[in-house]
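One chain comes next, on its own, written out as structure tokens in the form predicted alone.
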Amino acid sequence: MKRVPGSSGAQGGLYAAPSIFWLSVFFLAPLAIIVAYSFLTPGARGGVEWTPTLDAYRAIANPTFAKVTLNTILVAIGATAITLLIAVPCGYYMARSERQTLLLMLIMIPFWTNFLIRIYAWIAILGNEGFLNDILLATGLAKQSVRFLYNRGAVMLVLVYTYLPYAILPLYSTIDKFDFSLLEAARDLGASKLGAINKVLLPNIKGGILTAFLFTFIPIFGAYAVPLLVGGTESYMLGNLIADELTKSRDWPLASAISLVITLVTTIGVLLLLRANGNAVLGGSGDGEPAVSEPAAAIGGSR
């Protein structure tokens, strides 16, 4: 049967049409609206007036915006680092365990509960009259309630709890494909246990670590509900600033400008990170070869 020239390309375009339409309507169109609004004048009662201006971008130079941005960066980096430090050993244990299905179910259980209910559960635990303070007062470890809530630490704790499954799952998937005999070979060649993990395991799961970082840092950077409910004035983040500009100040162009700047900075950061790590997300070392092709050379400095 003769193949009509160009028919496969036409069919490919036809198959891709639904996804292209979906991305255009639900991603590109809203982004275009945000870009347009950021260059307009705020309306007297909300909305925008169709008068071009750069006032929204000039307002971003306000010191308050810089302070909120710095706090957001600190919280996002700190919470992401803690999440990864917990997720890596959890993913490793799950990959080596014989009860992987049970452990996966335990990781997925929090998703069965409403997000807000889980946040309010933490408020019930950390509040001045909450479960944790009741234990401290009953055991005499504290003479008065300890302020666990409404600070940066509470925000980071709840964010780590919220996004930990997003880090564990890609790490587990990556580590589960790792050839653990390489660790045994490294130990036979004189590497310590930590040296084998550092020289052999971590380079091979770099793709999973990068994926876990992206899955946690990006949503934490734009978090709104957690800092609103368990944070105080010192935990005000960019997500809260955007919401306040929309609902309280009714300055839609400024909120759009802040959102656009966040989107651009995040996108550039992700692209630079992906470029710096080569094809790490695919599990390689950047040249199409496994990250550890010569175990002896990899652990040479670990003896």
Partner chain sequence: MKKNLFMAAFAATMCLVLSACGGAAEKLYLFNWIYYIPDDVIEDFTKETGIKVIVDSYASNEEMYNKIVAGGGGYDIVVPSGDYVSIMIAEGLLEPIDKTKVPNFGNLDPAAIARIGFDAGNTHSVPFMMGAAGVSVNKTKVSGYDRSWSIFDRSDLQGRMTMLDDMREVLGAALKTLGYSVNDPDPAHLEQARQVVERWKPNLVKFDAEAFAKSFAAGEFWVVQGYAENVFIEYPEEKRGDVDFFFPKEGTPMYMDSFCVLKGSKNAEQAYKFIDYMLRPDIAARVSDYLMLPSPNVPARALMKVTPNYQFSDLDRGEFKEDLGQETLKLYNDIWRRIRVGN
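Residue numbers count along the first chain shown, from 1. Remember, predicted model here, so these are calculated numbers, not experimental data.
Separately, the form predicted together with its partner chain exists; it is not shown, and the next lines address it.
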Check your understanding: Considering Leu40, Ile262, Leu241, Ile34, which brings a non-hydrogen atom within 4.5 Å of its partner chain in the predicted bound form?
Key -> Leu241
**Study point:** The single option of Gly207, Gly222, Gly127, Gly195 touching its partner chain in the predicted bound form, heavy atom within 4.5 Å
**Key:** Gly127
Check your understanding: Would Leu116 count as a contact of its partner chain in the predicted bound form, using a 4.5 angstroms cut-off between non-hydrogen atoms?
Key -> yes
Check your understanding: Is Leu214 one of the residues lying within 4.5 Å of its partner chain in the predicted bound form, judged by heavy atom distances?
Key -> no
Exercise for review: Decide whether Pro203 counts as a contact residue for its partner chain in the predicted bound form under a heavy atom distance cut-off of 4.5 Å.
Suggested key: no
Check your understanding: According to a 4.5 angstroms non-hydrogen atom cut-off, is Val160 in contact with its partner chain in the predicted bound form?
Key -> no
Study note, to complete from the structure: TL;DR on 165-173, 93-101, 80-88, 147-155: the one with heavy atoms within 4.5 Å of its partner chain in the predicted bound form is 147-155
Check your understanding: Going by heavy atoms, what in 52-90 lies within 4.5 angstroms of its partner chain in the predicted bound form?
Key -> Thr64, Phe65, Lys67, Val68
